[in-house]
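A single chain comes next, written as structure tokens; it is the form predicted on its own.
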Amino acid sequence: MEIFQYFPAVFESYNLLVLVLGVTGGLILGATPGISPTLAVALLIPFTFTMGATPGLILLGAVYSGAVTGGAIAAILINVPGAPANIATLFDGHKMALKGNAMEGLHYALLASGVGGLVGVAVLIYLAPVLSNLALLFGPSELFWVAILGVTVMGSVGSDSLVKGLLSGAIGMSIACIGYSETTGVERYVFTPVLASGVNLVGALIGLFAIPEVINLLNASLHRHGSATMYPLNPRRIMASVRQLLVHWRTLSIGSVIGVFIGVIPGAGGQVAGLVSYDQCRKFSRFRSNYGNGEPDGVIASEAANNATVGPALAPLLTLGIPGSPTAAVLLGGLLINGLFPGPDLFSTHADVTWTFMASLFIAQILMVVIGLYLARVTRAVARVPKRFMAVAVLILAVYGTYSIRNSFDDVIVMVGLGVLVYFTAKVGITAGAMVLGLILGPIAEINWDQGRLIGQATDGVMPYFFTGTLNMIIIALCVFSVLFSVGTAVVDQRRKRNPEPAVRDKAASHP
């Protein structure tokens, strides 16, 4: 393979320094609520102006990889996902922390991220032309059905009731409609000027998870006179986590494959991959009842998938100029700034830059695990912070992260309002997990439906456009299967609750 001759260039002193600093900075930025991978890469583009093309792209790629993983640190430690891609991680990751297994959860997250990232970059290196052609097959109709496939997941994400899960998702999709339609410009649900600019996804994400956590921490602090620490912390050897990760090879494989597939689809991103992977692994697990209660598979499935999207999302970008994710779109700007234009010339005329960049992405996944495991030692400090201090720290991060996105105090008001809303709705089973999924998938489904409808009206009709074609029919069949499977598993779970004999993972096997 041609790429092997470019690996030595990655280890040149300047390139290696840039790579290490980029991965470290990405992990730290990703762990900061409100700093998504897209924003992290965008913030560092100005620093590449004075660099050469190769180190500039190495920096952006390293930050991209590190930021996707860094979000898991905040998700596990403080129950606030650093980025949308880490939503599914907190469902079980923070529950592990509350049980004293925060270090174990971080080990699983970082190791699974590394494996998923390596798989994704390997696929990028070997199959870039094939993946770029696959991306071209997804038009508005296919992307609409992909969003609907994600909608079918809502009933089983973050809720023990199918109906309540679907209702949570519907509320999230309704919230996503607030503001002005991107397609028609029609005003919707704008009953106050605060909502005129709509609901920002990252701000909503912070509010839905951070504000309830702040309220819970303050309640616990008041009842325990503020002296209690966040949670107990059990020691964990890294080799024990490595051995256990091998036990969970099936979940690791499913997550990586789902991440690769969804990474190619333009606009889907790591958040969809993580949630779909979490749902599919849960559906086919013998320990479904453990999910949401600190199940290691939940962390592994999410983190393997969202990191596996990094490589495939860059394949259509490098070969066709079609970004596979919002962060890849920002990276396109980094390419153009350096006078590099996607296409065949990128792999011939500028082969040294392109292949060195791809080789650096591969090395970045390994560095990400090593540096991340070192940074995970801060767990001891976080775990011992009194609850009242942690509540204030989370609130400050939430306000700062939300305001910095669009420099709008309206976003902060919306963030707090959504957080208070979900704090009370969670008491009746209307949870944030499915609500966030609705917020993500609602706009994707709406925009592609509107675009597809216009195309259909100009061709053979709307119904034939959406209900014909091999790829459409395959995705529709998956949607139907997902709905039927969700209903079936919900019925089985109800029967188990009436006659409980839950499958409990052997503790000796799970926590050696």
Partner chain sequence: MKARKFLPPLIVLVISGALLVVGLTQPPEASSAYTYPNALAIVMAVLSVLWLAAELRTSGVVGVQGVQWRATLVSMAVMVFYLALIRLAGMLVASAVVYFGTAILFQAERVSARSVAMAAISTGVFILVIYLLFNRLLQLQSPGGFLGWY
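Just so it is clear, the structure is predicted and the values come from calculations on it, not from any experiment. Numbering follows the first chain given and starts at 1.
Only in words, not in the display: the form predicted together with its partner chain, which the text now covers.
A.B. asks: Is there a heavy atom of residue 395 lying 4.5 Å or less from a heavy atom of its partner chain in the model of the complex?
C.D. replies: Yes - in the model of the complex, heavy atoms of residue 395 and its partner chain come within 4.5 Å of each other.
A.B. asks: Can you tell me whether residue 188 touches its partner chain? I mean in the model of the complex, with a 4.5 angstroms heavy atom cut-off.
C.D. replies: Yes, residue 188 is a contact residue.
A.B. asks: Taking its partner chain as it sits in the model of the complex, is residue 424 near enough to touch it, meaning that at least one heavy atom pair lies within 4.5 angstroms?
C.D. replies: Residue 424 belongs to the contact set for its partner chain.
A.B. asks: Evaluate residue 54 for contact with its partner chain in the model of the complex, applying a 4.5 angstroms cut-off between non-hydrogen atoms, and reply yes or no.
C.D. replies: Residue 54 lies outside the contact set for its partner chain.
A.B. asks: Do all of 164, 219 and 400 end up near its partner chain in the model of the complex, with near meaning a heavy atom within 4.5 Å?
C.D. replies: All of them do, each having a heavy atom within 4.5 Å of the partner.
A.B. asks: Exactly one residue in 341, 389, 287, 126 has a non-hydrogen atom within 4.5 Å of its partner chain in the model of the complex; which is it?
C.D. replies: Going through each option in turn, the one that passes is 389.
A.B. asks: Give me the residue from 32, 38, 486, 48 that has a heavy atom within 4.5 Å of its partner chain in the model of the complex.
C.D. replies: That would be 32.
A.B. asks: Among the candidate stretches 354-362, 438-446, 310-318, 95-103, which one is within 4.5 Å of its partner chain in the model of the complex when only heavy atoms are counted?
C.D. replies: Going through the listed ranges, the match is 438-446.
A.B. asks: Could you run down 402-427 and flag each residue that has a heavy atom within 4.5 Å of its partner chain in the model of the complex?
C.D. replies: Read in sequence order, the residues that approach its partner chain (within 4.5 Å, in the model of the complex) are 403, 404, 407, 409, 412, 416, 420, 423, 424, 427.
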